[in-house]
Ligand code: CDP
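Heads up, the chain below is alone and in the form predicted alone; it's given as structure tokens.
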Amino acid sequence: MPPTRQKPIVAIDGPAGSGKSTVAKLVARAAGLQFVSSGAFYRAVALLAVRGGIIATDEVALVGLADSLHLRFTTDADGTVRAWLDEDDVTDALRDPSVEQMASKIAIIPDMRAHLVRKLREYGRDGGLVMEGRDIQTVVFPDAEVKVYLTASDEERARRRWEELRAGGEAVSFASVLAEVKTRDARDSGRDAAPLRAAPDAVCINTDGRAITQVVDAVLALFPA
């Protein structure tokens, strides 16, 4: 463990719908660490862009937003994780469909990723967190004490997303959600900048047919003694 890191970093990656956010939050709570969503950094930039009327092709303006970004996370007593832009609670705003769509577009900009990787490293330099995303165990923290890659079948991941959308009142077909999952997978794994993949020394866990508690226990078992 690096001498300045008193608590471990747990890096959890995986495709959309693999369960990484849920697992990471529960692991963080069980271990007394702070949960951090790397995707929230991209969505925060997207939120600022949407609010400021900046379009997805204006890379200079978007990178400027990333460079000046001040995002932090807190955890309520009941386990709710909140995201803050300065003193503005943007937890719900980051999940707005328009923000998520913008985030998906800007995440492929190499300079954007480079700036946000630096932000993520700064945020976690002292350890004590569980960070989930798509390149945490390969790019952001390749020296993390615990590295996990979660996955699940396309159909299972689409089902989870479909049920989540329906619970939120959105009328979407399973077929359209499955197509979206496959499209996003192709984009994430095929991009030049930090493609989605498991690190050679990561522990791969397939979450198909496994209870969340089983997956959480499997990750906790990987913690250094």
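One rule holds for the numbers: they count along the sequence shown, beginning at 1. Because the structure is predicted, anything quoted here is derived from the model rather than measured.
Separately, the form predicted in complex with the named molecule exists; it is not shown, and the next lines address it.
- Heavy atom contact within 4.5 Å of the named molecule in the predicted complex, the stretch among 121-129, 71-79, 95-103, 144-152: Correct option: 95-103.
- Is there any non-hydrogen atom of R184 lying within 4.5 Å of the named molecule in the predicted complex? Although the named molecule is absent here, R184 would touch it in the predicted complex, with heavy atoms inside 4.5 Å.
- Query: Would A107 show up as a contact with the named molecule in the predicted complex if we use heavy atoms at 4.5 Å?
  - Reply: Residue-level check for A107: yes, a contact with the named molecule.
- Message: My question is simply whether H115 lines the interface with the named molecule in the predicted complex - judged by any non-hydrogen atom within 4.5 Å.
- Response: H115: no contact with the named molecule in the predicted complex.
- Though only this chain appears here, would E156 touch the named molecule in the predicted complex if you measure heavy atom gaps against 4.5 Å? Because no heavy atom of E156 falls inside 4.5 Å of the named molecule in the predicted complex, the answer is no.
- Message: For a quick check, can you give me the residues of 125-157 that have a heavy atom within 4.5 Å of the named molecule in the predicted complex?
- Response: E132, G133, R134, D135, I136, in sequence order.
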